[in-house]
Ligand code: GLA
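The chain that follows stands alone, in the form predicted on its own, written as structure tokens.
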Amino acid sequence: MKPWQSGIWFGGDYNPEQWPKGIWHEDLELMLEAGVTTVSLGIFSWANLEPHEGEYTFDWLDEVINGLHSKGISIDLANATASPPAWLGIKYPDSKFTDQNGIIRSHGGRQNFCPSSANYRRAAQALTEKIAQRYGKHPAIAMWHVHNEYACHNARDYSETSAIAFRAWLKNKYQDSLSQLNRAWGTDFWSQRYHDWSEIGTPKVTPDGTSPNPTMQLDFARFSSDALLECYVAERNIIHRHSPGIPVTTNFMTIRGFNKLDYWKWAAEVDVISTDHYLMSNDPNAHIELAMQADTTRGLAKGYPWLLMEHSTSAVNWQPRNRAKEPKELLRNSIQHVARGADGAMFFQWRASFAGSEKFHSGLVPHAGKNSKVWREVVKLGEFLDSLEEVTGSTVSNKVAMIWDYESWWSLDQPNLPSTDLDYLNNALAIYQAFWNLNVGIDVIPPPSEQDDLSSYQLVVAPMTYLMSKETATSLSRYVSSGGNLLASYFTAISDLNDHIYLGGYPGPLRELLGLTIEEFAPLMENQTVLLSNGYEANTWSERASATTANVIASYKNPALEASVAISRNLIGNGSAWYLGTSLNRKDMHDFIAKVLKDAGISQTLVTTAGVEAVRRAKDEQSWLFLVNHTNNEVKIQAKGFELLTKQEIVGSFKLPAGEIAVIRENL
């Protein structure tokens, strides 16, 4: 994945079909005023482009595309397959989505389709063919946009159509051997053994108090991700054939709580990684979660620049209480993404809708029009991004890596675990937040294979990597033996990739590396805390663990646990393997991570006031320091260089006002 454009993209989803033509000319003038460079077009326009099967109406889209091109605005053109029209479900009922209760969902939302339906695939590919043929060589098209937010609403379809496809997928995975499948799924439990492929369906809801086989659920999650990926690849290939050289993307959802697709697998098929991100209104630390998800997206892009395809100018419409963004928050959110590797800050949507389900979702042009806080900040953001053109193509690299494992997350979403508080995302975020507070950057990586070289990192973090192959364990052991440092959290390396427990004591293949054995979990009750021997306060989790070769840093001050290991460090070769066997409060986690960083010889990007985010992008011999002041106070910053937004030379230090941003071309 290489830089795909010059300058930082700025704009958003443009839906002119929602508005009378009289508004279109006004839109173009406002786009120029705001400094918009790019729009995503036609994402939800299938019903307007193909009102009846095989009958296409492109005149209105021709007019819009040519109008944008005349103003120098480039287009990320969608193939419109994300929201099937009513006629498709009526004519082909098998194309509709079926939920886990076996209920066929009705038309009226979006993504109402079964990804394994041959009728849906044929119709989607036919539409893609027509659009790609017509616009494949149009000079306004800078990128193609397949579908939209795959799996947002139909991640796992439980229809008989999907059951047939699932059986075919299983036959391929298990080499047409039911005995292999039965071993992998552990079907001798609860009389689940299968004697014929036709007996296998989708993991629909089972009797109260029970749930489908855990490995079946895991395989169904894998299959569902693959089925949607097949849809994407087929449509992408059509576009590549008609529009060679123009990159194709689909917008991921690296957003809190979304884990329905294996994005590591998807990323290999996408020309330019793009994502959507929305803040959770009830999260006071949403800007830290934003940073983690931006780092995750950069990891999916293998460190290359990526594109923020959607975020919001202010409130969204789909949360219980939709908070309006504070003054300057729009600017901070956008520049945070750019700081962490995005070469664009795009939004949903250009003009806030006056009708439909998303009419209360903010836009670049709000209902109030130009006389609004949102519009003034939109114009300011356009000026900011124009000032950052020289940053295009630069990258972010760090000395710390965090393993991000969608399959472990899938498994931890299932019931029947030792504690309902085993939360993959929150565990990772708690650890990440300590690094963020210390201004130490993190690269996000997939679980390493034996062939992966981790030597560029001084520290690798494995947060609750519940499923772990022996190959990944071997890779981590080799990394530590060669001088690397590992930090593994509790509930890591408990099961193999079939979700079978490693016997002989937890944590299975990491016992020797971590230098300890865990004989029993002892999850804490709701709101229960326990003190550690070093004064830290722990919550959520404890366990009965004993050190074999590890140095015990802290044990539980709980008589029932007999001073079991809570935190340890094991020296292996030239490296060290840390184990954090519990969850710490924010203050103690900060202190602990600072100690781990010091031991690994890792320094901060910038030493400054807590709440001031510092990230460095670099290209060739030049670097740029991005600073975002999330505090309510003016902060003095030590720096030297040229500040791009204010066009001022910085010599030694400067004052960054509350809530403000600075981007400094550093003097080297």
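This is a predicted model, so every value here is computed, not measured. Throughout, we count residues from 1 along the sequence that is shown.
The form predicted in complex with this ligand exists for this protein as well; it is not shown, and the discussion that follows is about that form.
In the model of the complex, the residue from R134, K595, R110, R222 that sits within 4.5 Å of this ligand by heavy atoms: Selected residue: R110.
Which residue, A267, V316, L438, L571, has a heavy atom that falls within 4.5 Å of this ligand in the model of the complex? Of A267, V316, L438, L571, the residue with a heavy atom within 4.5 Å of this ligand in the model of the complex is V316.
Report the stretch among 144 to 152, 202 to 210, 558 to 566, 67 to 75 that approaches this ligand in the model of the complex to within 4.5 Å, counting heavy atoms only. Checking each option against the 4.5 Å cut-off leaves 144 to 152.
Run the contact test on N251, E310 and E358 with a 4.5 Å heavy atom cut-off to this ligand in the model of the complex and return yes or no. Looking in the model of the complex, the three residues N251, E310 and E358 all sit within 4.5 Å of this ligand (heavy atoms).
Would F44 count as a contact of this ligand in the model of the complex, using a 4.5 angstroms cut-off between non-hydrogen atoms? Yes, F44 lies within 4.5 Å of this ligand in the model of the complex.
Is there a heavy atom of D276 lying 4.5 Å or less from a heavy atom of this ligand in the model of the complex? Answer yes; at least one heavy atom of D276 falls within 4.5 Å of this ligand in the model of the complex.
Quick check on F348: any heavy atom within 4.5 Å of this ligand in the model of the complex? Answer yes; at least one heavy atom of F348 falls within 4.5 Å of this ligand in the model of the complex.
What residues, if any, in 159 to 180 have a non-hydrogen atom within 4.5 angstroms of this ligand in the model of the complex? Result: empty, none.
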